[in-house]
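We begin with a single chain expressed as C-alpha cells, specifically the form predicted alone.
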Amino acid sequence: MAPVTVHIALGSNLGDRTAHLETALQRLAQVPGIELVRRSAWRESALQGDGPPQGAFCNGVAELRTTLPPLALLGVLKELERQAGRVLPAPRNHPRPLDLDLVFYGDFTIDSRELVVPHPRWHERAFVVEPLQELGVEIAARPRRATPVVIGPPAELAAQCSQWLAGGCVLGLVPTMGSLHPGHRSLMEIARAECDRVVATIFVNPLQFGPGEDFAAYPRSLERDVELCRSAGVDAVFAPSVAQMYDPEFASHVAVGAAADGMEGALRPGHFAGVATVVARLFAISRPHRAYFGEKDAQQLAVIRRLQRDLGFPLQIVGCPIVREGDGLAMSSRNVYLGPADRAAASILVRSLRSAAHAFQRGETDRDRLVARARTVLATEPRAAVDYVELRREGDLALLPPGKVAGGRMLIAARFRDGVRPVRLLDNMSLHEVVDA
C-alpha cells in the first residue's frame, strides 16, 4: 500500500519518562514499513480525568510515514508499551511507563472494537493539540468526534450499527421515551460497562398510548436528554420522528400473550402490543447484543422477554434494578407532574411493598395475607387511588395460586390527582429483597 502519514501521541509518567519516549521512537523507526519523520518537543502535563494520585506526564506527538495497515500499526504500538513495562490490559487513568495512542491515520476514519481513529478525545487535550500545531498540522481541518451522535432516520442508525458490528463491537441498546432521569442513566452506565458501543433511543411511541392518555403531554426535552446521554458515555442517540418510525403504510403489529394479561394490560388495552411493536422494530434496526430495561416496569420487562424468546431475536434482555429517590419513591419521568402533597404521599407505594416483604421474611407465606398487608398500608394514604395490588411469580409474572408461596413479586399501581395533571405510578418489589427493618 502507499505510505500514509500518521500521528502518534506519546506519554509517560513512570520511571525515566523521556528515556521511555525516546526509546519508543527509536524502536518505531526500526520497524519495517515505518519511517519516523519528526517529533514535537516534550512537555509536561497533569493527568486529565479521574484516577489515583500520580506524577506528571511527559508528552509529545510524533509524525510517521507507514505502509502498515491501521491494526498492524496498533499492534506495534501495544508491543512497544509492553516492552517498556506496561501491563496490558491496563486500568484506565493509572500511572504508566509508556502510553502510545494513534491520533490520526491519514484521513481515514475507523470505528471498531480495537481502534477508533481519529482519536475520540484528541481535540480536548492540550498535550496533543499543541504538539500537533508545532508539527504544522492544520487543527481546524481535522475531524472531531462528537459523542453522542444524534440520529433520526432508522436507515442511518442501521448503517451505524452495521459499521460497529462489522468492527467486532459488542452493542448495547437502551430504549427510552426520553425525559431522562438518574434511573435511565443507571441503565446506560450498566450498558457502558458491558458493551463496546451503546445506543440510547429517545422516542415517545404513540402506539402504546390509548385514547385519553398523555401522549401529547408526555414530557419531552431532547437537548437535556442528549446531555445526560453524553455524560453517561452513550455513543449514539436515536431520536426519530413518528413519521420516520411509522410511515403512512406501516401495517405490521406484534401481538402479545399471557405476559400482558391483567394489571397494566387490563387497564390499558393495546398498550403492550404497542410496546412490543416498537421494541421489535428497534431490535431489527440496531441488532444489539444486549438490551437494557428497568425493573420498575416489571410487566413490560416480562412482555419483552417473552417477545425475545418467541421471535428469536439473538440478544440478551438485561433487567436493571429500580433506582429510587431518597424517600424510596421509584424514579419515573411522570414524577415531575406530582403536586407537593401528592409527592409527599407517593412514598406510600414503596412503604406498602416493604411491609409485605418484611412480613414474608418474618414467616408469612400466604399469598392473600401478603397482598392484604400491602393494601392495609396503602389504605392509610387517602391521596393514593389504588388500581391494583398483585403478587405474581418472579420473572414471567404468572399468576400464583392461593395459599403458600415460596416468594414472588408484589406489584402496585396507584393514581394521584393533586398536581398539574393526574399521574399513575407503578412500583414493584421481590419478597426476597433485603429492606430496612
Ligand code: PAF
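Just count from 1 along the sequence shown to find any residue number. Please read all numbers here as calculations on a predicted model, not as lab measurements.
Missing here is the form predicted in complex with ligand PAF; even so, the following discussion is about that form.
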Worksheet item: Would ligand PAF in the model of the complex be within 4.5 angstroms of a non-hydrogen atom of every residue among 263, 299 and 428?
Response: no
Discussion item. Counting any heavy atom within 4.5 Å as contact, can you tell me which stretch out of 306-314, 173-181, 226-234, 348-356 lines ligand PAF in the model of the complex?
Written reply: 173-181
Worksheet item: Just to confirm, residue 205 within 4.5 Å of ligand PAF in the model of the complex by heavy atoms?
Response: yes
Fill in: residue 122, heavy atom within 4.5 angstroms of ligand PAF in the model of the complex
no
Worksheet item: Even though ligand PAF is not shown here, does residue 127 get within 4.5 Å of it in the model of the complex, heavy atoms only?
Response: no
Worksheet item: So in the model of the complex, does residue 278 come within 4.5 Å of ligand PAF, heavy atom to heavy atom?
Response: yes
Worksheet item: Between the options 105, 293, 360, 164, which residue brings a heavy atom to within 4.5 Å of ligand PAF in the model of the complex?
Response: 293
Discussion item. Pick out the residues of 396-419 whose heavy atoms come within 4.5 Å of ligand PAF in the model of the complex.
Written reply: none
